[in-house]
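The chain that follows stands alone, in the form predicted alone, written as structure tokens.
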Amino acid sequence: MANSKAVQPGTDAIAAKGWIAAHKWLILRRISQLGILGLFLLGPLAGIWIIKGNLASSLTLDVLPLTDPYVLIQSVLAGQRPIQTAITGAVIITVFYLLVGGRTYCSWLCPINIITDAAAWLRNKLSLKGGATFSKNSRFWLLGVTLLLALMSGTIAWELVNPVSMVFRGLIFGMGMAWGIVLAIFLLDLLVSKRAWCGSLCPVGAFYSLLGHTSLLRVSAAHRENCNDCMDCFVVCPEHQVIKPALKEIPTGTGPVILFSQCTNCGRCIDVCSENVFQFDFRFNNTKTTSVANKHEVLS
């Protein structure tokens, strides 16, 4: 039974809530990722210019500028003087992710997330275990390297190899080398280390996690007293280390809201939980309760 649950997390949730309810947030994320990408591609591919530009810098309906603050910082370090609309767009994006959680970008917008989720699903399906271990801090070192490269080279060097940028360019001009990048990330996560790219290496995720330290929107184990220790949430979570403190009240007195900035707000823990332990909530609804750790086994 234990092996079955490891291979098929969410089976109990499907039985309890139905398939759609047990995949609700996953479905909404795919609609968001593909829908946003589709809006960007409508212009160059179909001549319908709802959004002009790309995921780094865009103009929506010729009114709303949106700029990736990570790209803007690189351009400034490279010695480029940003125009006012770029600064305005970066401020808008920064404020948005300060409210909803920086790594919401990773699970609700980034098209590479579809690739890494597919690799994680197949890895789980094939019961592949073990592999290399990367430090979670590696992404922050790589983030520093990309900024240093911009400063030293006078170019936004990272954007030349950024998988997100390469996929976007590839969809317009032909995938070419982008297929190699996509395949490399897929194989890395499938064969080398579980969720290595998004969980340990991606500097974009590292940057956006820095915006999530004080964000209002959070996932909460609001009904953690109902937890039956099935471990399904732990299996599907791309950053599983964020679950234990809120779910098991470790250290004693910890509230149910997941406050880690690495949480991507993907909602998969909500989907796969048959006991409806998790929900989206706000960081200030973090009422501490009596110890749950004594009632259930600690996740390991």
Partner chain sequence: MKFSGKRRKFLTETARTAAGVGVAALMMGFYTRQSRALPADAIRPPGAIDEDSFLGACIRCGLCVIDCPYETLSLAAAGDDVALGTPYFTARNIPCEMCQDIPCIKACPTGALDHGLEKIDDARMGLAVVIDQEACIAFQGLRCEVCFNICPIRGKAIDLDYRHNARSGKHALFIPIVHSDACTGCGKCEQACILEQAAIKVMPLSLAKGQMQGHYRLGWEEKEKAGGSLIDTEDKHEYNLPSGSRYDYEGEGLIPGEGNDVPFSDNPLDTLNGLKEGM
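Numbering follows the first chain given and starts at 1. Since we're looking at a predicted model, the values are computed, not measured.
The next section is about a form of this same protein that is not shown, the form predicted together with its partner chain.
**Student:** With its partner chain left out here, work out from 81 to 89, 208 to 216, 188 to 196, 104 to 112 which stretch has heavy atoms within 4.5 Å of it in the predicted bound form.
**Tutor:** Looking at the partner contacts, the answer comes out as 81 to 89.
**Student:** Is it true that 54, 159 and 178 each have at least one non-hydrogen atom within 4.5 Å of its partner chain in the predicted bound form?
**Tutor:** Contact check passed for all of 54, 159 and 178.
**Student:** Quick check on this chain: which one of 120, 182, 230, 166 has a heavy atom within 4.5 Å of its partner chain in the predicted bound form?
**Tutor:** Of 120, 182, 230, 166, the residue with a heavy atom within 4.5 Å of its partner chain in the predicted bound form is 166.
**Student:** Pick from 145, 171, 100, 128: which has a non-hydrogen atom within 4.5 Å of its partner chain in the predicted bound form?
**Tutor:** In short, 145.
**Student:** Classify residue 67 as contacting or not contacting its partner chain in the predicted bound form by the rule of any non-hydrogen atom within 4.5 angstroms, answering yes or no.
**Tutor:** Looking in the predicted bound form, residue contacts with its partner chain include residue 67, since a heavy atom lies within 4.5 Å.
**Student:** Please determine whether residue 59 contacts its partner chain in the predicted bound form, using a 4.5 Å cut-off between heavy atoms.
**Tutor:** Within the cut-off, so yes.
**Student:** Answer with yes or no whether residue 94 is in contact with its partner chain in the predicted bound form, where contact means some heavy atom within 4.5 Å.
**Tutor:** Flag for residue 94 set to no.
**Student:** Do residue 49 and its partner chain come within 4.5 Å of each other in the predicted bound form, heavy atoms counted?
**Tutor:** Yes, residue 49 sits close enough to its partner chain in the predicted bound form that at least one of its heavy atoms falls within 4.5 Å.
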